[in-house]
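What follows is one chain in structure tokens, specifically the form predicted on its own.
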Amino acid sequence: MTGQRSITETEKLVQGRLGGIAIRHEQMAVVANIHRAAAAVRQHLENSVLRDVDLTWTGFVVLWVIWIWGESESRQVAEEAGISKGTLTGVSRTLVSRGLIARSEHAGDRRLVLLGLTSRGEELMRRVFPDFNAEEAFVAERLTPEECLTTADALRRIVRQVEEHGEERRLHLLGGARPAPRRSGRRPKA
């Protein structure tokens, strides 16, 4: 990648800049490299596989979520894809216009929108995913199968940490803890 610093060069510069500051360097290196790896992998997959089928990363992820989970309420699709409902609206319009997904009303609540793959969307995912997976294998080629499993497990633990404790941490950092739930209609004693 011309014009970009290598990971090693960047880490040396960071260490030089922040070496005297009391921070957790190892944890910073993990998070920084998660970000760099995710960006590099995303760019590689967009350029090597998704561009050929005229899909963006986000469009592919939305198709993947619906392919794996089946027809789902739009709010759940957005959450699983890690995008806002507003972003999903634009992406789903594009995918609907291409005939890859269909929108329908929820039978029990007409305010809710369900998203499902069309036969054309199903065919696309079955055709594209083997190529996508081949590039996943290319990306992880320098890792042994055991290292792949260890890395995947470590990343799952990071995700669980944020999912299970992130909101509590955010509230703590904002200076307020979440109030304990009230168990009855009575006011708490002062």
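Residue indices: 1-based, along the sequence shown. Being a predicted model, the structure only gives us computed values, none of them experimental.
Omitted here: the form predicted in complex with a further copy of the same chain. The next part is about that form.
With a 4.5 Å cutoff on heavy atoms, residue 123 does not count as touching a further copy of the same chain in the predicted complex; it lies far away. Contact annotation for residue 33: at least one heavy atom lies within 4.5 Å of a further copy of the same chain in the predicted complex. The shortest heavy atom separation between residue 73 and a further copy of the same chain in the predicted complex exceeds 4.5 Å. Residue contact with a further copy of the same chain in the predicted complex: residue 20 places no heavy atom within 4.5 Å of it. Along 122-152, a non-hydrogen atom within 4.5 Å of a further copy of the same chain in the predicted complex is carried by 126, 129, 130, 133, 134, 135, 136, 137, 138, 139, 140, 141, 142, 143, 145, 146, 147, 148, 149, 150, 151, 152, in order along the sequence.
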